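Next comes just one chain, in structure tokens: the form predicted on its own.
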């Protein structure tokens, strides 16, 4: 009897394991915004507040790796998690490519630091992948914000922590930010400056490792308290999409356009349209999320995807994702809610 019971239990676990593997291997055909998004192993994607680059036919998604059982107030960040994909829908887990340091409490990225909003830029001359992230040192809290820098030889890492610098032209650093590579290869750091919440942009040095001295300026036309910017260059114009500053609570998105990267920028208002049926929130709350990045879609004409994060500060690992197409009407950006969609959307434009 005991032997038969063991056989039954073994078969049960084999079936469960097989079903989980099948679920992980099942190819997804559509983006389904605001719902659980699984990787190739059937596990929820853990890459919050991130960005995506395209390199040699593959997209790489980098985001904050959140730790199970931790809140944003209790060291929720475990490092940078990376996923790869060829279609932007089905993602392969490449693991944590930069971990917080669990062994050296004197490290800038020691466990207990806050490591947020990673963005990666490829430096053609050195053939290095450079990751930037908002870094609050252990024990400091949100008082002073640094830009952390890590470097890798391959897009899927591993990344090695290099150094930090104060962004924003302030001794308090900068808050939510984005990195943007211009058409001439120059990289800019867009951010909200601490503590006065002025929106600023600074130019990085040619090696992309530090900001150029005294390069930060406040571009005319961008509203104060604009954070979490996402920047694209389209048809000779520079677009900035961002949010207001309301902590972890969602607010209305905002958008701006200029003929030059320095400005002057024109306010184009809130680009969001429609209602998220999963939470009932619409444009006034950006569907319950915050814009993080804009992905140019390869091999599609005038095609962009807006990455939006749904934050869950009390249980960050449960935070969700909203990816929607970015369209333009009379050169004004629009992010319209769609329950389900795929890249063929851009073929119908």
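Positions refer to the first chain, counted from 1. Values in this document were obtained by computation on a predicted structure and should not be read as measured data.
Here the subject shifts to the form predicted in complex with a small molecule, a form of this protein not shown in this document.
S.K.: Any idea which of 242-250, 90-98, 179-187, 155-163 reaches within 4.5 Å of the small molecule in the model of the complex, heavy atoms considered?
M.R.: This holds for exactly one stretch, 242-250.
S.K.: In the model of the complex, does residue 290 come within 4.5 Å of the small molecule, counting heavy atoms only?
M.R.: Contact check for residue 290: yes, within 4.5 Å of the small molecule in the model of the complex.
S.K.: Quick one: does residue 102 come within 4.5 Å of the small molecule in the model of the complex, counting heavy atoms only?
M.R.: Contact with the small molecule, no.
S.K.: According to a 4.5 angstroms non-hydrogen atom cut-off, is residue 117 in contact with the small molecule in the model of the complex?
M.R.: Output for residue 117 is yes: heavy atoms within 4.5 Å of the small molecule.
S.K.: So in the model of the complex, does any heavy atom of residue 81 sit within 4.5 Å of the small molecule?
M.R.: It does not: once the small molecule is placed as it appears in the model of the complex, residue 81 has no heavy atom within 4.5 Å of it.
S.K.: Please determine whether each residue of 254, 328 and 336 possesses a non-hydrogen atom within 4.5 angstroms of the small molecule in the model of the complex.
M.R.: Contact check failed for every one of 254, 328 and 336.
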